[in-house]
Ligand code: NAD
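Form predicted alone, single chain, as structure tokens, below.
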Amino acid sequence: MQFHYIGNAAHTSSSGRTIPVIDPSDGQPFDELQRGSADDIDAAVRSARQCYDSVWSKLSAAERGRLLMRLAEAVAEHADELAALEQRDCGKPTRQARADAVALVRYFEYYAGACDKLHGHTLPYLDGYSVLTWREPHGVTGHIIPWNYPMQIFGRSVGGALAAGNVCVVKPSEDACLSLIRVAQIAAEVGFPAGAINVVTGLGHEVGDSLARHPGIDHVSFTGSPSVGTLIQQVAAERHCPVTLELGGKSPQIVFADADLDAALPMIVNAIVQNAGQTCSAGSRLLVERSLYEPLLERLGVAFENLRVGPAAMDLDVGPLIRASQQQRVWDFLSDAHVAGIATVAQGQVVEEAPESGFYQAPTLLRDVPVDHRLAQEEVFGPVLAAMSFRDEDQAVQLANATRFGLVAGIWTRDGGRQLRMAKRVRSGQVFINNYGAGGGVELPFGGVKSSGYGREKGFEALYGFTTLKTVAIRHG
């Protein structure tokens, strides 16, 4: 049985209700979570506020940094344990789960070093005045964490908020809670004061809604779908609470005829099959210059056919999808493609050892996807790559920008001028040239434009979103 973690202590839900924890590899329950309520969120917010007022706001930036570094070291010591929790909870292959634990360590290390480097400015003004600015934390921040990368997104969101001087109330997805409850426990073990990190589990429309609405929450960070992001904005706007939103993408990989295919091909494949395609920044659209289109699809088809899908513990190329409803969502997209006559180039294989009750989907490469088809417009959140061709730079830009999203783009070309032209013209929060993802890039500000959201997490830029700017004007004659 898993419990809320509020004020450095385990708590049952005030409702007395629970939620089963399902293993995506076999579709079977293996644990239970607390099904939280508005009362549980209220208890967590009160605990956080007490911590902020009495302890956390009085710590120096250096002291906060030391605590975060202790947490980084402790998470590193527990990395195998955390990876095992995430693997079973989310269906991640062993390598992915371990990489996520390593990334969590890196987030805490990075933000530990950033705590005492968040500076203000002095401003030139009238004679007889000195004017300065400083950065102040919001106070109590709310964090609604999705199920696809719970450890990583906890690290980038909660790590940045703590570094900036806030205390946190966290609502994980009901599909992925186990690792985050354990991280909160580890934080208490290394000396974080009671109330600095609070975790309340439950359903989004109950606990997530209560968190976004709570008058004691001073800032909300949300990663998830555009539809839910809209609801959170509306709720937060009622009390003028600032929000940071990362709302997914339909990111293009743009491949020109002069690209280094040996370098590009494995990254194109990995960018759509990593985490079974359940990645906001997945490279889910493949835009290829016409002269290269057929040769590249041929090579990609061979790569896709060699991909193997199976239980998380087998550590294959792809694990299961998170839940049955996500599996059905992917099936619906593929069914629509079949009805529309969109051709399948190649598929991977689900291994015989995979239980029929697991939530598996073979990676699928589709070709000649019309730009207005939902496969080219909507986030599948599964290992499905939609390919289309373009004739020149102008059409490549047109296709790249032809969705409501703008999170990430990949550009593959040896032409230096084209690299910069394309990077400027593509509407996207991140652009990768002759690479994709830059190995995770804890240091790199991350966020989108258009329906992909606004605000930035990751990197030093995140600290500005987790603070407010105060201007102080001193008249001294």
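The first residue of the shown sequence is 1; numbering continues from there. Values in this document were obtained by computation on a predicted structure and should not be read as measured data.
Keep in mind that the form predicted in complex with the named molecule is not shown, yet the notes after this line are about it.
- Shown alone, this chain has one stretch from 173-181, 258-266, 295-303, 331-339 that lies within 4.5 Å of the named molecule in the model of the complex by heavy atoms: 173-181.
- In the model of the complex, residue 383 stays away from the named molecule, with no heavy atom inside 4.5 Å.
- At least one heavy atom of residue 225 is located within 4.5 Å of the named molecule in the model of the complex.
- Taking non-hydrogen atoms only, residue 205 approaches the named molecule to within 4.5 angstroms in the model of the complex.
- Within this chain, residue 148 lines the site of the named molecule in the model of the complex, having a heavy atom no more than 4.5 Å away.
- Between the options 280, 236, 312, 273, the residue in contact with the named molecule in the model of the complex by a heavy atom within 4.5 angstroms is 280.
- Just one of 85, 375, 407, 217 comes within 4.5 Å of the named molecule in the model of the complex, counting any heavy atom, and that one is 407.
- Judged against the named molecule in the model of the complex with a 4.5 angstroms heavy atom cut-off, the residues 75, 109 and 188 are out of contact without exception.
- Contacts between stretch 227-263 and the named molecule, counted in the model of the complex as any heavy atom lying within 4.5 Å, involve 228, 231, 232, 246, 247, 248, 249, listed in sequence order.
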